[in-house]
Structures are given as structure tokens and as C-alpha cells.
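Okay, so here's just one chain, in C-alpha cells, the form predicted on its own.
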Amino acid sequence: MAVKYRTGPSKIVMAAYLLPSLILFLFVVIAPIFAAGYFSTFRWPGGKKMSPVGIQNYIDMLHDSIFWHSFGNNLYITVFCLIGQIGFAFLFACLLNTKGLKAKGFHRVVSYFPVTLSAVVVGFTWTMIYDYSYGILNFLLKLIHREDLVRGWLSETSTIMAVVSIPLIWQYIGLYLVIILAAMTSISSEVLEMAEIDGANGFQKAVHIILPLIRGTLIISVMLCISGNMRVFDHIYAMTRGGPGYASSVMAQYAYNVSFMQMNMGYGSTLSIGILVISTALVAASRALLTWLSRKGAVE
């Protein structure tokens, strides 16, 4: 008769371990979502006065041009950061993974340092860089005699989205650099050496060998980038507060203004539910697309 040996804790013990985390998750994440869904069916300026309006807030949201303009700004930032954060992180990771580069540890620390800073600190720092009178950017332009390019960088509606996206790239490029570099170091050196023997240059190794082998890591990085930039708030609030006008407004910024500046809690809750639905749909759609492209590439 075979004797069965238990190799781990019982199911009851495992459930007891997970119960505190489950309770915390339900209280912090799930309960606020249901609460926002409930409040979104009221016209509620705060306090005890709540007037039920059914789905009218959702109908108003569908016709709210400012909300959809803010959604467009979120998409702009997401595309900008996908190229800037993950694209440049991949290039820098390839450089750091080369044999001849000295002081690799120092470069990694310096690249990752901005990630450790508060978003508000980054926002105020770049506000000073963009300052019309005292900012270092206009100072450098004057130094090279390009006074024609000097401007109020945070007051130009035509370029404001590109201007506020640059600090986001600057801060988080180090995060994706570390993730991608960790994936690159897991690639066997023999594979890269065989490619070099076959005559592959650095670009060919990056495109035809490294990129396919770290495909899974890149998909996760893209998911993180999309979800992070769809809920961006504090950088924009610190730099422009959504201005000038609503030119740099993003969805979270607009929901904050409606809820706490205009004291329209019911409609603000509706916008929050809208942001949740849109962000979840975008992340799911992009994940499905990338997984399909990955499988197609693997088959080919």
C-alpha cells in the first residue's frame, strides 16, 4: 500500500493565509467600485442631499465633449510613452548588454533613479525647467542664439501634450530598462555568440534574436505602460492642472475637478466608472492583439 506524503500546507491553512489579503482586496478595491457605481445613479453635491437620476449621468457622460477630449489626451500620452518609455528602454538595454561598455552598474543606478522620485516632485521640477523667464530650457535656447524658439512651454495649446509627456518618459524609462535588461540577461550567451560567428551585427541581433526571445517581457511592459498612462493624474496636476483651458486635461484630472472642485460627486463617480470600463477594455484589447501577434510570429 502506497503511503502519501504531504508536501505542503493543507487547503485550510492556505485559505487562512490568503484570507487577510482577500479581505483587504475586497475592502480597498472591490467595495469602492460598487460604491462608485451606486453613487453614480444620484445627483449628489455632497452631504446628505442625494437625488436619484438613474442612468442620466451615464447619458450625460456619453455627450460630454470635455471627457472625450480628456480620453483623447490619455491616448496621446499612452502612444507617446509606449514609444518613448519602452522603445528607448529597449535601445538602452541593448547598449547596456554589450560587452565593451564600462561601469554598467553605475548606468543602471542612474537610469533607475528618476523612478524613485515622487510624481509631484517630478512635475514641479519640470515646471521649473519649462518656466518662461527662469527655466533652463529657454536659457539654453538663448545661449545658442535661438530666441525664436523661446516660448511659454506650458501655455502653448498646440504642443502642450508633447511637453507634459516628456517628464513621464524621463521618469519611467528606467523602470522598463531594468525589466527588459533582466530579460536580456536570461538569454544564453552561446546564442548571441553563434549569431556573431554567422556575421550578425548589433542591429540584426537585436531585431532577429533578442526581440523574439524577450517577447513575453515586452508584452507585459506594454500592458504596464498602457494601464499606467490611462490613469495618469499627478504629473498633469502638478504641471498644468489640465490647462490651459482643458488642453492638457486627462480623464482622472477631469473626474477630480468634477468631484471635488465642482462638488458634483454623483457625476464624478460616473466618470470614475467610465474610466475603469475604458481602461479595462483597452488593456484587454491590447493584450489580446499582442498575444495574437506573438503566436503568429512564433508560428511563422
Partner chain sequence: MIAFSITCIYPVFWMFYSSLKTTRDFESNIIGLPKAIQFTNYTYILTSSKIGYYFLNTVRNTAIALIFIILFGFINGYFISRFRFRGRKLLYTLYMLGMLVPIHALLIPIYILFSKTGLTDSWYTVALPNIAFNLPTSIFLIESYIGTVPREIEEAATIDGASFSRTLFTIIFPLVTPILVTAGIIAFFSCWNEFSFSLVLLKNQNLFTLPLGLTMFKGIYQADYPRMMTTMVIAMVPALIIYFSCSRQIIRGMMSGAIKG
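In this text, rigid core is short for the largest set of C-alphas that superpose within 1.5 Å between two forms. Quantities reported herein were computed from a predicted structural model and do not represent experimental measurements. Positions refer to the first chain, counted from 1.
A second form of this protein, the form predicted together with the partner chain, is not displayed here; the remarks below concern that form.
Here the chain stands by itself, but in the model of the complex one stretch of 67-75, 201-209, 173-181, 155-163, 173-181, has heavy atoms within 4.5 Å of the partner chain.
The listed set 117, 150, 194, 83 contains one residue whose heavy atoms approach the partner chain in the model of the complex to within 4.5 Å, identified as 117. The partner chain is not shown here, and in the model of the complex it never comes within 4.5 Å of any heavy atom of residue 59. At the 4.5 Å threshold, heavy atoms of residue 53 stay clear of the partner chain in the model of the complex, well away from it. Using a 4.5 angstroms threshold between heavy atoms, residue 43 stays clear of the partner chain in the model of the complex. For residue 242, no non-hydrogen atom is located within 4.5 Å of the partner chain in the model of the complex, even though that partner is not displayed.
In the model of the complex, the partner chain lies within 4.5 angstroms of at least one heavy atom of each of the following residues of 213-229: 220, 224, in sequence order. Relative to the superposed core, residue 277 shifts its CA atom by less than 2 Å between the shown form and the other one. For residue 62, a C-alpha deviation below 2 angstroms is recorded between the shown form and the other one after rigid-core alignment.
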